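Next comes just one chain, in structure tokens: the form predicted alone.
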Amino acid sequence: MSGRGEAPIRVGVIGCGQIAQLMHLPLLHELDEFAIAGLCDLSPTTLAYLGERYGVATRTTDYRELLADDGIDAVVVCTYDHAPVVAAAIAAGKHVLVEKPLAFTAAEARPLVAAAREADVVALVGYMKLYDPALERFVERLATLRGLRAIQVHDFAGRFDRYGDLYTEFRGDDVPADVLSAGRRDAAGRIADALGPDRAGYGELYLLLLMLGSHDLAVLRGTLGSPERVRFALGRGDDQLLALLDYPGGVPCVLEIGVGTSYEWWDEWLSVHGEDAELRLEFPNPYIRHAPTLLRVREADGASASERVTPVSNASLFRLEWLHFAGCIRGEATPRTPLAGGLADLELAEAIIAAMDPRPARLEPEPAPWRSSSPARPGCSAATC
């Protein structure tokens, strides 16, 4: 789909931080299917910089102004707190692509799923990995696997600072610190309420599961479906967790999520083991455009063994995601990552925390170490993530 001959879909970008600048804005500028029609951010200097760079006159620090603009057909939500913006966008009749996670809690996500179902809008969660041609081929090969015995999902990530040599990113410093901290405190309170008093102390670990691990939960669901239950879960501090999930037929799935490594490689993969074959998806650093996911197939070959490693595609997953979004809006495609999937992943994340030993909230909680700007740990602004 080229988009030529049709009016471009006019998109408003809400939250102009890292992911918007590195991925979404360049693609919206490139693709004929879209036009950048408005920018929203808490930082006026960021708005000024990006507005000049992309030639966008409509700029605001209040997303409600953008949603009230009849010149906006769709929005991409890249803020820290997604649910209120998604709710307002659906109510305003705008199509929505929301970065993961859909919300901070399942309770916040459920009315969004219902509202999107009732409204005449397209609403997708930005699970770009589910558009990966390697994942599609993995699913095809999985259908022929004999005797599924075990599943493993592993994500210890790697360094988060190497992308700085690849892209230009502007960071405004004119958002008051108390505004940022207030946003975090509000979200933390809602998360604590959702986890309950016995496990409110896992708030930072739960956030890590949403910020880093939600893609892994989505990939697991998109390839093997949802587990029947969480049998066991263990948290190690605020930056590492392990869970054992049960799949139909008693097939175990081991899930490991963590940060803090200073690996110079990206350590994220999904592996399934059958009676005579192993399938493995090895994901690249998501900050590097066009890096292929590797599909590794190891299987019995007579009296010996064979192993094939295939870099399936160099396609930009964010680009495929945007093209799919356009196809859905124009009635040419069925939503692949609807909000219901984002809700299912939040429900699983909460179930993982519920399976851990009790950990009440600390009287004076400290920021989780993974929030720092260390090369080994991801940082995230409460204004624009």
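Keep in mind that this is a model prediction, so the values were computed, not measured. Numbers follow the displayed sequence, beginning with 1.
Not pictured, yet referred to below: the form predicted together with a small molecule.
Mapping the unseen interface onto this chain, L281 falls outside it, with no heavy atom inside 4.5 Å of the small molecule in the predicted complex. Looking at C16, you'd find a heavy atom of it within 4.5 angstroms of the small molecule in the predicted complex. Taking non-hydrogen atoms only, L195 never approaches the small molecule to within 4.5 angstroms in the predicted complex.
Contact annotation: R110 falls outside 4.5 Å of the small molecule in the predicted complex, judged by heavy atom distances. Screening H290, R185, R141, R171 for any heavy atom within 4.5 Å of the small molecule in the predicted complex leaves a single hit, R171.
Of the residues given (Y131, Y247, Y80, F156), Y80 alone sits with a heavy atom within 4.5 Å of the small molecule in the predicted complex. Only one segment in the set 294-302, 89-97, 209-217, 187-195 has residues whose heavy atoms sit within 4.5 Å of the small molecule in the predicted complex; it is 209-217.
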